[in-house]
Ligand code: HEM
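Take a look at this single chain in structure tokens; it is the form predicted alone.
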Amino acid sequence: MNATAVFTSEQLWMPGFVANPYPTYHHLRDQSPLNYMLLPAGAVSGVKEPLRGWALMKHNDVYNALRDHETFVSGRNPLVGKVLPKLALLHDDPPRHTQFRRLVNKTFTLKRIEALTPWITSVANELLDGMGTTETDVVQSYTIPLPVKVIARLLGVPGEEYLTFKRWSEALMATTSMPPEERAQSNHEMLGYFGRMARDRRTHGAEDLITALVEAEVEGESLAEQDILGFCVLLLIAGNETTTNLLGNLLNILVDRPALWQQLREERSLVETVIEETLRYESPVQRLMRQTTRKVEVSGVQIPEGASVSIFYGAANRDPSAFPNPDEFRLDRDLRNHVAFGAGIHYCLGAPLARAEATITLNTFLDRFPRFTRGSTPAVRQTAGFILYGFQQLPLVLAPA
């Protein structure tokens, strides 16, 4: 967007905004909370009237809303059943959310992730071995396959099918850019696949998440089929989309900072800080939705009961009141309050795994490549869905040692 661009709240679902949301955040943040068009009439199947909501863009408002799970609830999303299937945890509130989270928490502990680290490292090296030294699109050759293979292993499904998994997850997230019939067919295929996997685990159990789900009980009762499938879809989507975009954003930031790349090669203690600043600076998840259970005042604005509220993680993480000079990528910040993974009871279950994959990726690239540059083909931001911020295409030339 150029200096004469007009910034309005009606742009917050459009492809141009999705590709570069930060100028719009800068111009609209002071007006937040603001009422805006969440989706226009007919944008997706099942939404015949314009769907309006409230946008929270200030860090303090976002942080407080994320922690107030009684006022801002997840289980009444108006898009569930129309645009999205019901996803366990993401579309649940306590006590159901608490019970479900307990079922899968142990899979994502630091101890379990540390045990996976050698295998993830071997996958990373295998992918880099196959890339060569000419220009390569790292999205297709690395940032897609690594996270999908990792979450496939945890679920207990064949990692070789990662392209199919990726196609399904992209279709689910393509809220406005894919014909409704095509999205519905993709979702039907995905749910059918996980249904077959669940039936197989009931007969032949294994050490994986799908087996844990089919064997789990909540208050003495097994999980319903819909809940098992909702878990599988959530873990597949959240386990690959967020990390794919984090890895692409990380490499995109560093390719334009060769001095920082050299510094990182010599000071690996900075790797964690670079990842955290990337999460703040280019948050892979830009927004998620809540519904209000009561009339609530936010920054002097009355939001009615039953309203849809979009919590803009990306805007909060560039709020100058929380992060001075927010449009600069800096390693001297206090990053403890960034909200890239949310906050409160819905804090991202897979955050430790995403951080581990980013750490392994960055260290592996630093070990192999003294430098890297942009390719001749332009990078292309994804614009298929309005939740994520990342790349559809990121061509790089990696120079081996």
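Keep in mind it's a predicted model, so treat the numbers as computed, not measured. Residue indices: 1-based, along the sequence shown. Superpose the two forms; the largest set of C-alphas matching within 1.5 Å is the rigid core.
The same protein has a further form, the form predicted together with this ligand, not shown here; the description that follows concerns it.
- When you look in the predicted bound form, the only residue of Ile144, Val309, Val285, Leu155 with a non-hydrogen atom within 4.5 Å of this ligand is Val285.
- Of the residues given (Asn317, Ser169, Thr278, Thr243), Thr243 alone sits with a heavy atom within 4.5 Å of this ligand in the predicted bound form.
- Within 4.5 Å of this ligand in the predicted bound form, a heavy atom is found for every one of Leu235, Ala238 and Tyr347.
- Among heavy atoms of Phe341, some come within 4.5 Å of this ligand in the predicted bound form.
- Interface membership of Lys149, defined by any non-hydrogen atom within 4.5 Å of this ligand in the predicted bound form, is ruled out.
- Although the partner is absent here, Leu90 sits close enough that one of its heavy atoms falls within 4.5 Å of this ligand in the predicted bound form.
- Among residues of the shown chain, Arg201 is not one whose heavy atoms approach this ligand to within 4.5 Å in the predicted bound form.
- In short, of 26 to 34, 55 to 63, 367 to 375, 352 to 360 it is 352 to 360 that has heavy atoms within 4.5 Å of this ligand in the predicted bound form.
- If you fit the rigid core between this form and the one not shown, you'll see the Cα of Phe165 move by 2 angstroms or more.
- Comparing the forms between this form and the one not shown, the C-alpha position of Gly230 differs by 2 angstroms or more, with the core used for superposition.
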